[in-house]
Structures are given as C-alpha cells and as structure tokens.
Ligand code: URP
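A single chain comes next, written as structure tokens; it is the form predicted on its own.
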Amino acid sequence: MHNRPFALSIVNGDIQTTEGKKRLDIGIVDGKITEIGSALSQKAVRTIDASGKLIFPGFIDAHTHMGIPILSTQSVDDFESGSIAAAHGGVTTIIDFTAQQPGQTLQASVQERMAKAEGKSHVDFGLHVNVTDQPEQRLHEISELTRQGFCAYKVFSTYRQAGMMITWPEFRLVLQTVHKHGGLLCLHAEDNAQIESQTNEHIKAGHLEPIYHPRSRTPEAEAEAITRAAEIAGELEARLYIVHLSSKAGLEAGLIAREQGVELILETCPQYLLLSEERYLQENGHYCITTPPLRTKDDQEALWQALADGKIDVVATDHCPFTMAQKESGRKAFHLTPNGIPGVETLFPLLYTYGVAKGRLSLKRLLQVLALNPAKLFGFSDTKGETKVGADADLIIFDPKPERSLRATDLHGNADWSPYEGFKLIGNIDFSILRGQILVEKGQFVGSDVFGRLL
C-alpha cells in the first residue's frame, strides 16, 4: 500500500463493470488507478463526490477520421477539435487512420499522421495503418511497423477511382502478412464491381438525388465483399475485422462465415442503428451521405438484435464530419457529396439512451462494445477498457437522471450540424477524466494542457 495522498479520489459512485454495479471508491496516483475499495487508505488532493452517479471506464472510439482528404476537401475536425468533442462525449481514446499517399511508404504515412496528432489530441490515440498504394511493395514494412506497436491495418475493397482499392489477390497477401506478424487487418467491405456498375447506371440516367447513394451501394455489395474476404481469411486461418457493418445482408454473411470457423470481428456504428435511408428523401438528405449508406428499418432491427446477442463486437462511429457548406459543394449529387458524418461526441449518449435506457442493450454489452472489446482487440487492455487497479485512470462520471434534446449548437466539434438533431438524450456526463487529468467538468472543457498520447 502506498503512503502518498491520492492526486484524485472518486467516492460514493456506482462503478459499472461487466459483472454488475459496485458502490466503491477509487484512488488515483500518477494517472493510474491505485486503489478501489469501500474505504480508501489515504486522503486525496481532490475528491469528487459521485453520489447518485454511474462511473464508467473511458470509452474507446475505434474508428475516427480526423482531418482526412475526401474528394476535393477534408473532414472538418482535426485532432484538436475532434478530441475535445470526444472528451465531451465520454470518449477518452480514439483510433484514427493513416492516409497513405501515392508513392508513400507506410512508415512515412504513420509519421505524417503522428505529426498531425501529437501535441494536439486531448485524448489518447492509436493509429490503424491504411494500406492503399502498391500493397505488394509495402508488405516488407508490416513486420517493422508491428514491432513498433502499430498492430492494426486497414484495406478497402472499393474506392478504385480514388486509388484506395486493393484487389483480392493483394488482399490475400496483406492479410497473410499482417496475420503472420500478429497484427489485425480491418476491411472496408463493399464489392467495387457492383458499386461502379450501379453508380454509372444511375449517373447516366440522371438519377443524382441522395436516395441513389444507397441504391448504388447496396446491402448485396456489402455481403458479397464480406463473403469473399471471409473465404480468404478462412483459408489463411487469419482473424479479420469488418468495419462499419451496415446491413442485415452483411451481418448474415458474417455470421455464416463464423459458423464455418472464420474468426470474423464485426463493428457497426450508431448511424446504422438509429438512422434510415428515409433521411435521403428529406430536406438536406445529402448531409447524411456516408459510406456505407444508411439502410432500412429492418436492417436497423437486425443490427440491434445482433448487438444485444453478442454477435457484434464493437460499436464505433466512423467519425468523418463536414460542414453544411462542404456538403453543399456536391450540388446535392450523391456521388459528388463528401461522404461522412460527425459522431464521436454522440457515441455513448446515443447508445446509452437508445440501447440501455430502452432495454435493447444491457450495461454489460455497452461496456463490452465501447470499452472492453476494442481495448482487447487493439492491444491495450492492460491499461484501457476496464475500471481496475493498475489501469489508466480513464473514467467517466455520468448522471443518469437529466433528460435533454440533442442540438448541434451544443456540440463541440467543428461540424455545424448533426444527423441526430432533436434526438432525446438521457443523462449528462459530469466528468471525463484521462489518466487522472480532468478534461471535462460539468459541461466545460478544462483540459488546458494537451494530455493525449500515442498508444
């Protein structure tokens, strides 16, 4: 037992764990949880009384895009603004992506991305390494990057015209190499041949309205790519992570692959649980163009059920925000509109309100998909994902009693709109704490220094 006073203690709160609720106090020294108990052994420099509040581990958004190029613009949140938004939403760790340029090495893409994040991100961050240019020539870099701690990689089975797609033979080589070195490969799974064919047909016919976005990028295209990728993963006996699963058809393809013994990890996003393609028929429907597209209410229900049943492993946001002016730059044509929506700040509030509070999702499952699972999958479960002695003191103190309406003007990212405008929310985050440092207190950002570090 240490003899130093705690830098911070949190008392009288209900700690939420996957085993249930525990009324215990937490003592923090040097950014770590050093004691959990009913009577702490030392006094604290500062004590937070969390009576009537729920205490969660800091949440992890395993899929964000801060300041990345899309079409002729770039997503409007950089690591500074995006991390402030994340902290307000209870997210204390984000995992972003490199953006490999033509001719660029993977190592150079990592260094470039780190330079954009270090000294700017107020939350801890990891990086997935995109492998989009000349993948066969980049395979030799994967062993060294993995040794450096960059263990997650990502490839695309679409976006050929943007120069990001890899072929299935290239996919096999990348997956084989990543698996050999103990890493995890993530896949944006949509069949490019179907998408290009259908997109060209709609453009040729003059069908440019937002609703033709989901009609060009169908659930069948998602399912086809998942099936094809899973066959290769099965042959290689390699794990594969499917990002932003959007449809019932894609889900069924993934579950069939699992039944055949493929170790397939499935991620979905709040937009596929809460928004439907009807949005594309409404005023400003083009604002909600994101990829994969929004689907039907039947797809939503299938995803909710799979989430509740433990068949979906992670919920992340694919946070890729644009302003209204950026969305208007495509003149409302579905194929010219920057594709992406904001989400990092609303990840936990939406999942708690429309999952836990509505009885669709247990608190145990919420903790698994927003904290425990991503920490395990991406290699930092020793320090993140659970409220336990020895872990980083990443903690969220949540008041479950207030109710409010979500308004874009109350959010903290650089997007000037939200796809969830007017959604009712239950609860408020009173404190967001990263490694013992208070980032958000009673709705105010107080993290004047930049505490975020590379994981």
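All residue numbers refer to positions in the sequence shown, first residue = 1. Nothing here was measured: the structure is a model prediction, and the numbers come from that model.
Only in words, not in the display: the form predicted in complex with ligand URP, which the text now covers.
With the partner left out here, ligand URP still marks one of 363 to 371, 234 to 242, 337 to 345, 275 to 283 in the predicted complex; by a 4.5 Å heavy atom cut-off that stretch is 337 to 345. In terms of contact with ligand URP in the predicted complex, the residue from 202, 138, 88, 188 that brings a heavy atom within 4.5 Å is 188. Contact annotation: of the candidates 123, 320, 229, 312, the single residue with a non-hydrogen atom within 4.5 angstroms of ligand URP in the predicted complex is 320.
Using a 4.5 angstroms threshold between heavy atoms, residue 290 counts as touching ligand URP in the predicted complex.
Contact check for residue 426: every heavy atom lies farther than 4.5 Å from ligand URP in the predicted complex. Looking at residue 156, you'd find a heavy atom of it within 4.5 angstroms of ligand URP in the predicted complex. Using a 4.5 angstroms limit between non-hydrogen atoms, residue 70 touches ligand URP in the predicted complex.
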